[in-house]
Structure formats: structure tokens, C-alpha cells
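Quick heads-up: it's one chain on its own, the form predicted on its own, in C-alpha cells.
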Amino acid sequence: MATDATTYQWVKDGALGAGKMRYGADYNPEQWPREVWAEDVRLMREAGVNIVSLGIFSWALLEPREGEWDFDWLDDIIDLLHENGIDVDLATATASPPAWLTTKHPEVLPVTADGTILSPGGRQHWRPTSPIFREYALRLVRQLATRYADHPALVAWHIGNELGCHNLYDFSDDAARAFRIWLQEHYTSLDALNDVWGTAFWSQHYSEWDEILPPRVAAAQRNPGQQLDFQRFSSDAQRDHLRAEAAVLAELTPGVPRTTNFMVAQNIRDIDYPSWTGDVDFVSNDHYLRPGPRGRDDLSFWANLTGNIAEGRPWLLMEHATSAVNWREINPPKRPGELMRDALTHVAHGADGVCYFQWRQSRAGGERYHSGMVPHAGADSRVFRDVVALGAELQAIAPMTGAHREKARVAIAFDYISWWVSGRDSHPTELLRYDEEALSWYFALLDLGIRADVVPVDASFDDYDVVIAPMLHVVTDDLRGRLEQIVADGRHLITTYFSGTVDEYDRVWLGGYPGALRELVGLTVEEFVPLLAPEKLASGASATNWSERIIRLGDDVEVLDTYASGDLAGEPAVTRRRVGAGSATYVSADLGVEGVTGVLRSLSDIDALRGDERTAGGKLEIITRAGDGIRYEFFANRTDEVVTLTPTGARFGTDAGAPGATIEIQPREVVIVAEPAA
């Protein structure tokens, strides 16, 4: 990742100068007649908008025919925005190729696992490994960078859009050739690959590199090692395209920071985003509220992870929704207060910019029912009034830009590779959900008023008193050593069922489960016991999808809970091994939020697992940012009740108050309190 100075240019530079919280949207003026543009910039100024992402899906208008360029409309809108104090995050416009390109070169279209060639008419209809597509895309990037390199409105480059959202897995011949090259670079020899993939099974041994194909539809289960490497390769192929576009931009506009919008969210699991951070100058993320009673907490989890993927640096919320989306089965609008709450929760977790898809709700096209900052109803609407109110709030809290999110004492280790592998076919059950297990622990911590960081598994654990590693299915030798060090240092590890089971190649650690972690937790599991129906534990908790038969316990292992029903009745379910002042706790069953809340309560002798009384029994989430000698505490109301708080600091923002004044935090409200850092 770039230096802090380069990283932060997207906030510091531009028409508004330093110290401004960024606020804006994807702006698609090409969808509207020019007479609408003047109204757009007038409303943007009213709302406090100071940045827009421009040109994301405009390739077909910028190059209407091969080699014919039309930048006049883009020149005009960039100039108009700049005249009105609005800066531009300019897209490379390569997200979707124009019809003339796919007509002339249908070989750029992706191919599914069953051999179906995907047609144009949607978006991202291109192969990440297509040399033809790469050539055309980089030519467009070069044209844009040359033309706008010195435009004063340009504060950042937006590479592609949601890379891999629709074209991550391509099984074409282009992909097959690139996959073989990737494998040769990783394994050097076929002997090494055959060993890692276990190709002696089912006579899958390879004698030549050209015999290897992507894991296309086959007569039976595909090789697990092949599937995992193809997932890694596919993530890397998208990253390689990101790097190719970034290289052109770095050559022609070296002082302009570059980003692409990640999708750190529950519905996107197949890109290893922590590995991409070195390829962008600042992290951007797209997140959409998950419907349901835990939606706010889900948003907090992924914003938390995004902040830690960004390694504590300020990041940009590139997309979220003012109200309803259009792509779920049921798309409810946001409730009163949720627009402000959701935006400020992202800010609490380190975002120094809040942007939406999109500025003006589309009249036509596939996302015409996706909400915008200016809805179909126009400016005289609750949504736009909320948009204006948020703009005022972001302006009022702008002095906190650059403040870093303070670390918690508890960490949840999040591993994309374990997410991929644990959900694969041919496992003891297909009902396990890695993401749901991780979320259960986060939700339980919130309910108990305990602040936690969600950190990539490769991040340092050194600053945390407690590390929770839910369903850490894939464990390398290096990771095992890092987890052992936590306990050896007198700190505490909590891990769960189906953890430590396989190595980085999806090969089972032998000797009994939990494999690589067996010695650390001090027990041996002989068999996995997936459940057809829930079973009870002695504590009253319910095991739903999973349990395990523990056959061997070390002398230093304490049993915290046992199974109370079923074939495992009376056998250990939750254990704790103490090592000096440290400990390793193992949870062998899928217990859900209520069950893991009970586990955390049973570990109340650990100081870091005692809740903050100011959360009013978990009704509030507390998140802290600090910078320039000031701490900013965000108190987010997780409930539909009014919660009373008497902080030592002063309320900060548009409703600023005096230090020590009692505050009534309304349902779904976020209140910020500022005070000098100790």
C-alpha cells in the first residue's frame, strides 16, 4: 500500500482543501439530458456533496465505435462539477465492454463451468485472462489518463467496478492457459502438484501441464486441491487486471491515488481482499444493508473488517444505499434514521468518505428500482431530506478526518480461505456457514457490551488479549505457531468446531481433529457428528448442525459444558486448557448467538470479556476513533428504544453539547462524543 501521504490525497486534495469528510455518489449524467445536469449540481451543493465517481459504465459512449473517441460530454460534466466545488473519482470505464467489441471479438466473453458462453446485455461480460480484452481496456485507460491527467477536479482513479462481481470464475480456454501458468509458478514441478492435489486418488495423476484444466463440470466430485487453487487463481486473475490498469495510471498520472471498490460483505466470499491492499493506494468498499433484525450488526461487522483490511488507515465507503436495493427477493426501504445510522457506523469504523449508488435514481435499466440520493419522487422527499441532513452532519464532524480507529482488546480472526474451503462439497454436512459462525461471535460480543475488532487472519494478533478464531478450518504451520504464541504469552484463544482440519492445500491434518490445533487445545476429536436435529447441552444451549466426539482430554483441560442429549450425552462439548496465565478454549458444536453468548459468560474471569457498562447491557455499540489529541466515541443505538447516556465528553456534530450533559440516544441513532485523549 502507498504511504499515508499518497493514500490520503483523495481527502486532502481538490476544490475543498484539507480536512473535509468526503460525501457523494456514483454519478451517471449520461443517463440524463443535459438540462438535468444543472439541477444535479444545484442539489449536490444543497446536500453537501463534494465528490462523485464518474464514468463507471461509459465505455460505449466514450468509444462508440472502435477507435472513435467522444470525450466532449465528459469534458463538459467534469468542468461543471469543478466549477461547483465537486471533485471527481474518475473511473477507467472498463467494467463493461461495448457491443461493438463483443460483436467483433466474441472470444472475450466468459465461459461457465458447463461450457455455456455468457452473452452480453448485462455487465462484466469479459474474461479476466483474455489478452484481447486486456489490449482494448488498457487502450481506453491510456486515453482517459492522458486527457484528464492535469484536470484540477481529478482526485482519484476508480479502476473497473466491483471486480469479479459477475465474472470471477471463467472456465474458457484463455483461463485454462493462464491457470496452467499460475500453477507452474506456484509448484514448479508436476510431482509437487500431484502430491499436493492427491492425484493418486481416482487416477487423476498428471504427466504434462497441458493435461490440466479448470475444474469444469465433471461426472463426479472435482478434486478439492484443484478447486482451491482455481479459486486462488481466479482471485489473482482479477487482481492482475487491477494491476495492469493501475500500471498505466501510475505511468501517466503518478500523483493521483488509485483505488477499486472491494465488496467486503456477507454475499461476496470468493475474493481474498486482504491480499489486494498492496495494489491500491486506499481501500474502498461497497456494502449494502442486510434485511432483518441483525442487519445493523451485520453492517458493523463488515465495516469493522474493512477498516482492518485497510490496516487502520482511513478508507472510503464507495457504495451503499439510501434506501431499498433491487436485487434481493424482497427489498424493503430503510426505516427512519437508518440512512444516518448506517453511514455513521461506517465512519465510526474508519471511513473518511460516505458515498452511495447512485446520485439520481435511474428511470430505465436494470437498477431503476434501486434507491438513489435523489429518488424518483425528487428532492421533495424524505430520502433527500435525510441526504441533506447527513451532508450537514458529515460537514460538522469533518475535523475527525484522519483519526484512526482505536484497537479493541478482543479480536475475531477472519479467514477468506477457510470461508472458501469449509463451504465446499463432499463434507460431513453442507449446512455449515463460516460467515454465520463468525457473525454469531460478533453478535454475542455486541450483546454483552464487548468491543471487538474483526481482523484478517494474517494480521498481527500481538495487541489483543483475546483472539477468537471461529471455524478456522485451514491452518498452516505458520498460523499454528502464531496461535500457540497467543496462549504462551498469557493471553487467550477461543476456537471452534471444524477448525485446524486441513492445511493450505486442503489436505487433512492426520492424527485426529482438530488437526493442527490438537495439541494447543489439549484434546482429540475422533469423529465429526453432524446433526439431523438439534441436541441440547447441559447449559441449556442447543447444538444445531454440528457436534463432535471428543475421545481424549489432556490433564490440564477443564470441561465447561457437556452434551445432554443424543448419542454424545455426557461427553465434553466445550473445553478450556489453561497454560500459565493463558488459555485455549474449544467449542465443538454449532451453538448460534445464544449459545456462544453463554460460552463468553463462562469465561468472565478474562478481564477483556467483561462488558462496558456504558453500553446499557449491549443496547449500544461503542466504537472509538482518535487523532490530534482527541478521542471520538461513537454510541450506536442497536435497538428501537431510547437509551440514556451521561458521557464525560461533549456531544460532537450538528447537535453539539456541553461536557457531561445527559444525552437521550433515539432508536437507530448514532451519537458522537468528543473529549481530549488521555
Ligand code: GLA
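Computed from a predicted structure; not experimentally measured. Position 1 is the first residue in the sequence shown; the rest follow in order.
Missing here is the form predicted together with ligand GLA; even so, the following discussion is about that form.
Taking non-hydrogen atoms only, residue 319 approaches ligand GLA to within 4.5 angstroms in the model of the complex. For residue 327, a non-hydrogen atom is located within 4.5 Å of ligand GLA in the model of the complex, even though that partner is not displayed. Residue 57 belongs to the set of residues with a heavy atom inside 4.5 Å of ligand GLA in the model of the complex. Although the partner is absent here, residue 535 is not a contact residue: none of its heavy atoms lies within 4.5 angstroms of ligand GLA in the model of the complex. Checking 561, 286, 281, 87 for any heavy atom within 4.5 Å of ligand GLA in the model of the complex turns up a single hit: 286.
Only one of 290, 123, 147, 82 comes within 4.5 Å of ligand GLA in the model of the complex through a heavy atom, and that residue is 123. Stretch 363-371 is the answer when you ask which of 420-428, 363-371, 272-280, 238-246 has residues with heavy atoms within 4.5 Å of ligand GLA in the model of the complex.
Within 4.5 angstroms of ligand GLA in the model of the complex, the stretch 141-177 places a non-hydrogen atom from each of 161, 162, taken in sequence order.
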